[in-house]
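Below you'll find only one chain, the form predicted alone, shown as structure tokens.
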Amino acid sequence: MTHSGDCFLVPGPVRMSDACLQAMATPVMTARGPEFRQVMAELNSGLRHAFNLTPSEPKMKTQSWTGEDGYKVVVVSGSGTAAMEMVIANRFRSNDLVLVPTNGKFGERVADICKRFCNVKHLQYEWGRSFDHYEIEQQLERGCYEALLICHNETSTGITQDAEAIAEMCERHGVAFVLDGITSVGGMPVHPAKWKAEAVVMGAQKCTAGPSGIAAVALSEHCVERIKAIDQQGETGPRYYFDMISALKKGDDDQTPWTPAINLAMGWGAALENLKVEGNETRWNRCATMADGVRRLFLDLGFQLLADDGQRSNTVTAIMYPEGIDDTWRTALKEKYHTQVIGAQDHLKGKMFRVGSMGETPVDEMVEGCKRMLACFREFGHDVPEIDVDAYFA
């Protein structure tokens, strides 16, 4: 099969399916009636599947938000950043010290959020460079940290952290592990229970192909206990809308404490049903196939990738522009070739572009998009030989 029409290859927000769009077009309903509680139950069950947790019944009044592993899922009417702030604001006291290693913009955002609520040791690595696990181990050996937080998949640089290895370090040193999985959950292997993560955050508009503006958190039993203890001791920092205690009180009743994002919840539920049908591992493999094809194709053509080899992301690839080319190429790609990728951020603006391989993007759309990218590079005078693009995705 070949793809026709636009190629939308950005690392979120991704294109939504017709089922997701149609669900969001459902006439509005009350947030407190049985109809929306059933929506929440189905959403909770879909979230548990996406988080790779034990299953729950997609039926109201069945504690759809929890399962045999003890994790609870909490829906947040806000972006992934809002969900991350909610975790940090409720889990840590002002005198707690946390460790945050970073190698990109979104990890740095995690560190910045932490600075609002607790003390932070920020290990700031060069963008796209792997974490120094020896340095992290040395820090944890000091025995002074309450938690370690990472951005699992750094879309600003196209690198994925070795979460399993970092989780093992945290367990050995008795340090809580918190994961920003906003661009990894649903697109690559994430194992909250196996990694003994206290909290994992996901955003709807990324790997699960839902709408922007709604997110979720998976909380371990220990995390819930600590949040409640800190609250009872009166040591939680200022929060109101993001009060996790209020959310936990409403969870058993398939509700949220405040007016929820009703239509976004319906749309996300439909997107998560698509993920259930496809299967987590099947989606992970499709994303990996597309990312691997993009990496090998552009490397063979002499392009440079930003992220360190061995930890390159399967949901976004960061590719450096050849000499003499900048974001005017990306504008032409969109306007003339009807193909969208995304540019770089901060100090890398105009030096790099990023290709998303997440959500429900089919392989044939990626193949066609790559062909158009190469044609656009040729138009800009860059010497790109004729190459069998399809072979890289077979």
Ligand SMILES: Cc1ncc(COP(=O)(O)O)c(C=O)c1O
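Numbering starts at 1 and follows the sequence shown. Computed from a predicted structure; not experimentally measured.
Omitted here: the form predicted together with the ligand. The next part is about that form.
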- Query: the ligand in the predicted complex: within 4.5 Å of a heavy atom of each of 73, 191 and 220?
  - Reply: no
- Just one of 161, 155, 103, 90 has a heavy atom within 4.5 angstroms of the ligand in the predicted complex, so which one? 155
- Just one of 311, 81, 274, 236 has a heavy atom within 4.5 Å of the ligand in the predicted complex. Which one? 81
- 4.5 angstroms heavy atom contact with the ligand in the predicted complex for residue 317: no
- Query: Any chance residue 114 has a heavy atom within 4.5 Å of the ligand in the predicted complex?
  - Reply: no
- Message: Does any part of residue 208 reach within 4.5 Å of the ligand in the predicted complex? Heavy atoms only, please.
- Response: no
- Please check if residue 122 has a heavy atom lying within 4.5 Å of any heavy atom of the ligand in the predicted complex. no
- Note on the structure: Counting only non-hydrogen atoms, the one stretch of 249-257, 91-99, 182-190, 296-304 within 4.5 angstroms of the ligand in the predicted complex is 182-190
